[in-house]
Ligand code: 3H9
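The data below hold one chain only, encoded as structure tokens and taken in the form predicted on its own.
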Amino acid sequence: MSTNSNVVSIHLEDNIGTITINYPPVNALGQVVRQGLKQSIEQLNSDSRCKVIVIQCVGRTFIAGADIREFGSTPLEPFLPDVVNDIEACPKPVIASLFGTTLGGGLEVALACHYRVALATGLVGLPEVNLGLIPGAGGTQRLMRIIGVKSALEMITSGKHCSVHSLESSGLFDAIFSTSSDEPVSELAALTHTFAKQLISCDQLEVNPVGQRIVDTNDINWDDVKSAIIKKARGRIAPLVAFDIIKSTHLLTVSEGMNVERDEFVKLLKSEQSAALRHAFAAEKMASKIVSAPQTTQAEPMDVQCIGVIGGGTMGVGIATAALSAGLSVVLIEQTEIAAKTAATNIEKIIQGNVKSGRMNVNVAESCLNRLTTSENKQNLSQCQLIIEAIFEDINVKKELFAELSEICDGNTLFASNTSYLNLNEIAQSVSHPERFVGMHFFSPAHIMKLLEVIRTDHSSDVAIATAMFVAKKLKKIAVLVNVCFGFAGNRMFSRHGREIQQILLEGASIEQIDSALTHWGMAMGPLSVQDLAGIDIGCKARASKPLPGHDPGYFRPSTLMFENNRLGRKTKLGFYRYDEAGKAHSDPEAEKLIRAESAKLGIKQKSFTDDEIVHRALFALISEGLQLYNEGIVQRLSDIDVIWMNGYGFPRYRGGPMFQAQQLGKETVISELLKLQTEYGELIWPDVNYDIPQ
């Protein structure tokens, strides 16, 4: 027997009914898939010839989760909890055949099956907490019955993807297959069919529903586990909700537990945190898309296999390591042979560190290092398709470098600068064929930080931009396309945010209160601790490249005071804080004394601040600058700003980014608040507030 639809089909052979899902690109659980699964289970259950049922997929993965195209719309029947309950209730053994990435609802479908088999190379996970949600179709109930409460809590509350191989002894899988076949999915289908035939031949047809298993809690200390989850959650609600559900329902029936789970899922779905996290997910997907004029064909990126990196300092080493880890060849150039060897040693240390931590195996590490060439001879760059400059911030030195590279490399080689602030349009003038020049602003450490600003100059070609974005994806970066301005999008907003923090300091808030208020709100670090970590001199030197604003006498005066007193942060053990030999920060009355004296000198009236007032000012500085960037055309979308701040500056993901916060507040409130600040501090600092906020 064989019946087919466009998405879900049935094939009956050897008393095995195979349900095949074909819903590209990732076989997501859209309504058509849910309906097809439900009907197929019912049909095979009623067919006396069918002894065993297999659920499999074609394409690149088993079911990879919900259909994001249905997010925000009214859910349609059949609902996923009903589908998985039908699977578990089927009196005939149901086998899930897993490969690729089995995530979220896809794993919940597999958990409801009576058997699970998988390719060893696959990944599984319940990542709902990353969207501010919990599993909503029995995931909290069935997983703990299969792998135990402690392991289930780890998987659910972390939201991480786990390799099938790492779960070999967990009890989650009844068979794990390794294959070197050129067609592993076809081989998996054949192996699964053999597994099903063995059940029939051995007369193992009596099912053992997961929901009827007893939950083992012998290995768990609830209080200790909760404390660990709170620490890792860093303000997110969903992981704690998942914990509470599992603790309160582990003695209930699956049906009773699923009712509790579903109620909490619906509450979370309506929460601001979930809205923010879903916005973050969608914004990152959107950021990689280049906005083109209507009817314009997207440019094809160049095939980049070898990258040149000029500069073997912290940034150059990080960029080179990221490229090597992505499978690219790298030619790294330093000024001397000794410096080049030092850079190579530092790259090797990072890669070997990845091996020790388990993030990379020995063979991959060896391959990475074999693809690295270091030299002081720029002629070796002629083999590279893309060359990234990561030298010190001197515009004249950079211009001389790119003029020299223009003579060494052919006209097809793309050039990129990693500058944080300098004018890329001016640097581009030193390049022959300036259309092949772009900015690629990595964030430190470049081999770890996800964010990459790709900067379009006045001359950058569509091919150059497409290639930079393509390379970013290969490096597993989240790339955001921006246009040229001082500091581009991220650092320009960072400067505006920093200016407001400095002004709040001058007006009477203490160093510790500012940092405490913003970290309590969710920022990864306090802004003054960040300055100490980065080095106060770095920001001072960057600001020195342009005239200080005459209308703003307090402009970064606290930082300037620290710099003038050789309080450069952690590296001098004195900055806004004092640091002991172990590197621990302590409040320092001397820093506060310097700031209060400067406030008196500037005639700034002192006042007290609540934590909410500090957060309000800091957030609205970001909103104001972000709206200016959007209106000036520096960014393509407001959501791109959120991507930058969540991935580059420690903005709490569960708050969605500064522009998401503006949207939540609403246009009327934002304009009203900006107008108040403009009235108090002047339009040169808080400019025109006549903005639209796209919803």
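Bear in mind that the values here come from a model prediction, so they are computed numbers and not experimental data. When you see a residue number, it is the position in the sequence shown, counting from 1.
Another form, the form predicted together with this ligand, is not on view; read the next lines as being about it.
Tell me which stretch of 375-383, 188-196, 101-109, 620-628 has a heavy atom within 4.5 angstroms of this ligand in the model of the complex. So the stretch in question is 101-109.
What I'd like checked is whether I448, E453 and V471 together line this ligand in the model of the complex, meaning each has a non-hydrogen atom within 4.5 Å of it. None of them does, since no heavy atom lies within 4.5 Å of the partner.
In the model of the complex, does F281 come within 4.5 Å of this ligand, counting heavy atoms only? Close contact exists here: in the model of the complex, F281 approaches this ligand to within 4.5 Å, heavy atoms only.
Although this ligand is absent from this view, report whether F488 comes within 4.5 Å of it in the model of the complex, heavy atoms only. Contact check for F488: no, nothing within 4.5 Å of this ligand in the model of the complex.
Contact test in the model of the complex: E128 vs this ligand, heavy atoms, 4.5 Å: E128: yes, in contact with this ligand in the model of the complex.
Within a 4.5 Å heavy atom cut-off, is W222 in contact with this ligand in the model of the complex? W222: no contact with this ligand in the model of the complex.
V32, C50, V670, V26 - the one with a heavy atom within 4.5 Å of this ligand in the model of the complex: Contact check passes for V26.
So which of G136, G132, P558, P527 gets a non-hydrogen atom within 4.5 Å of this ligand in the model of the complex? Of the listed residues, the single hit is G136.
Scan 239-270 and write down, in order along the chain, each residue with a heavy atom lying within 4.5 Å of this ligand in the model of the complex. Residues within 4.5 Å: R262, F265.
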